[in-house]
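One chain comes next, on its own, written as structure tokens: the form predicted alone.
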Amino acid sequence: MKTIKEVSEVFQKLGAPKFRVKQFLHAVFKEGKTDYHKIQVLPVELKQQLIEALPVLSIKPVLHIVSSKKNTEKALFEINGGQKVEAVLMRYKDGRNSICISSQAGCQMGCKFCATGTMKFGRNLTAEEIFDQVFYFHIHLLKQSESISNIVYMGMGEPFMNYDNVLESVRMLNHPDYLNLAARRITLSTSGIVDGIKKLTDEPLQVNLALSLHAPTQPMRESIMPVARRWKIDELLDSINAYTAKTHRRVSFEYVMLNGINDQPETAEELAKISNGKLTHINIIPYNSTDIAGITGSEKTNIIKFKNILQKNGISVTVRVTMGQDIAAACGQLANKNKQKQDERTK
């Protein structure tokens, strides 16, 4: 769906009065009427014109698959130009429905452990294309009398390499006439684009920030994340300190556990050292299997030891619950590899 400004312009060009915009938005976003013919309050002629001038989705759903545990659903979308992106719905036991969305087709960051990083980079997604991933699941959940709880920009791509479109999509999600999702329920994740962190520091929107840290030292981080060559860890942490000082919002340090690379006890001590005294929380992520040679996940016992060391040093830490591995929908697995059969709800 286009921005509210663009929607209003469409109605204006069609000669429809302003109050029709409100009627249209309420029917689509609050009532989930994506078939314009079913919007009874609109004139027949206007409905037909809107079908041509204002398509519901700017992206084409081509596959919708569900995990064996029924707690994760992944949608594959085709975007203009024929490339494909993925978004994931995660259903938690406490009733939360979180959507993980993509900001780019492919990714140019090249992190050594991420399947998306092995893909050829396509292009930045528009704000509309980003928003429509959420809108698709909004309609999907609305049919089941459910709603979205949280949004995480942790799918394909680096959000801060597409900063303007990402922020515009956040404003669309936040708009009361659209999905009316509170900014505090939206998390932007970055691999460490310092310029983007600085920009976000000055934004009035109170979104959450997650940093894909994955290593506590410059040499280690540089060995698995090429972005570290551009922005050194000291500069990165300085930008995080400036962000928390101004916004008073806690930053999540994402830390994927890689066997023999970043999971040693002394590494946990280093991570505790750089985290101590900061307004941060460490989110340990068990590595989800990919086809990347030489990269495997840490043993569960090592993950527990690593977590315990952090806790003994007074660091706030949790281990992320892994979901959707069987449909390649877990963290780091999004790479358009969908060998599973289509779910009966595929559109």
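In case it trips you up, residue 1 is the first one in the sequence shown, and so on. Everything quoted here is computed from the prediction, not taken from an experiment.
Note that the form predicted in complex with a small molecule isn't included here; everything after this is about it.
With the partner omitted from this view, the residue of Cys114, Val85, Ala268, Ile99 that lies near the small molecule in the model of the complex is Cys114 [heavy atom within 4.5 Å]. Taking a 4.5 Å heavy atom cutoff to the small molecule in the model of the complex, the contact residue among Pro55, Pro61, Pro286, Gly32 is Pro286.
Picking from 237-245, 133-141, 69-77, 186-194 the stretch near the small molecule in the model of the complex, with a 4.5 Å limit on heavy atoms, gives 186-194.
The closest heavy atom approach of Leu181 to the small molecule in the model of the complex falls outside 4.5 Å.
In the model of the complex, the small molecule sits beyond 4.5 Å of every heavy atom of Leu125. A residue is said to contact a partner when one of its heavy atoms sits within 4.5 Å of a partner heavy atom; Pro216 fails this definition for the small molecule in the model of the complex, lying far away. Mapping the unseen interface onto this chain, Val170 falls outside it, with no heavy atom inside 4.5 Å of the small molecule in the model of the complex.
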